[in-house]
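Only one chain is shown below, in structure tokens, and it's the form predicted on its own.
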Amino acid sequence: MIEVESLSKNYGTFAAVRGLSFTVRPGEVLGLVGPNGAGKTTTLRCLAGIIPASSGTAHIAGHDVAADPVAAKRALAFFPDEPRLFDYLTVRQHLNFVARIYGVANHEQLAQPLLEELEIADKADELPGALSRGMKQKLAIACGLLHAPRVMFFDEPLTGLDPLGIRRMKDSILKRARDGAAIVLSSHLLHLLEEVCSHVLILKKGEKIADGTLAEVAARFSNGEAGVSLEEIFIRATGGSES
């Protein structure tokens, strides 16, 4: 579903991502982790077609991101850490707008369950200025889920959410994975990744340090110890503290 081969992104002489290859299959949730500046957000933006890669290839649901960007983008949803909303569209109007872009038929029947799932149905006629930071995040997520994407990229999706909102968001991510979506989740909240991810990919200075199932990566860095946390694995893999 997500196939990345030798992906690199350069800014002048600086290599933000170097020779990155990995695959995420339907039903898998990949945790993308690394220190600040490791290339996580750059990787997601390249895969989503927001910025062009310098070299390498990325395929989303069988579509080449560079050669067939429209088809690739129709199959995916990208959720950045900062919601991008229109100041003068209500919650309901945001969903109507997104439905028109993606050609979603009968979108009203799909929008209401999403608003209820994300607990913002009572804000349907509010403008973004009347919403809290967490509610804005929920609206952005509802807009991204409306066209039932087969691939999802989450970049720090829990920013601004309260504890109950975090639990609901984890449930939503797992539900989409069970329904066959391929998901990449980038977060510094390593306990979250342990709860929802089936696989993990660790980056450092734009290069892959390790990837595989949580059990495989744990075995590589556990030194024979049992029950080593992802936080400890992260520290051992990157040679530093979580950041």
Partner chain sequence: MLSALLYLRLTSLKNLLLTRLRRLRQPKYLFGAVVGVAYFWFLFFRRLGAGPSVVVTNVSILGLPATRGSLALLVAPLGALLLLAMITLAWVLPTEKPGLAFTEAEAAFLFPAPLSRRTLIHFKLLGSQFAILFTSLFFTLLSNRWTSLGGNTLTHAVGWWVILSTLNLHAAGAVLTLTRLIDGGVSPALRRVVVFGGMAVLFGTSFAWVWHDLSAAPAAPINGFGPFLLTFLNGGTLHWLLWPFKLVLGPFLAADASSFLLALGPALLILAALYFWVMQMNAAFEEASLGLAEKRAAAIAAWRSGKRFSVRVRPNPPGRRPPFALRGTGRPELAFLWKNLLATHAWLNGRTFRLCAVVIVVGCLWLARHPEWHTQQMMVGGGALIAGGYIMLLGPQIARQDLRSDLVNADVLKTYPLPGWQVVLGELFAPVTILSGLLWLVLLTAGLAFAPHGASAAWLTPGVRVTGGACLALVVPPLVALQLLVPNAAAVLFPGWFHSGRARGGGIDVMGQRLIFGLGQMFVLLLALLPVGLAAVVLVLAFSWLIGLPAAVVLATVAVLTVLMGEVWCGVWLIGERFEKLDLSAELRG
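Residue numbers count along the first chain shown, from 1. All values reported here derive from a predicted model rather than from experimental measurement.
What comes next is about the form predicted in complex with the partner chain, which does not appear here.
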Residue stretch of 66-74, 210-218, 191-199, 173-181 approaching the partner chain in the model of the complex, non-hydrogen atom distance within 4.5 Å
66-74
Does the 4.5 Å heavy atom contact test between residue 168 and the partner chain in the model of the complex come out positive?
no
Even though the partner chain is not shown here, does residue 158 get within 4.5 Å of it in the model of the complex, heavy atoms only?
no
Indicate whether residue 34 is a 4.5 Å heavy atom neighbour of the partner chain in the model of the complex.
no
Answer with yes or no whether residue 61 is in contact with the partner chain in the model of the complex, where contact means some heavy atom within 4.5 Å.
no
Contact with the partner chain in the model of the complex, heavy atom within 4.5 Å, among 85, 148, 110, 121 goes to 85
Enumerate the residues of 111-143 that have a non-hydrogen atom within 4.5 Å of the partner chain in the model of the complex, in sequence order, or give none.
125, 127, 129, 130
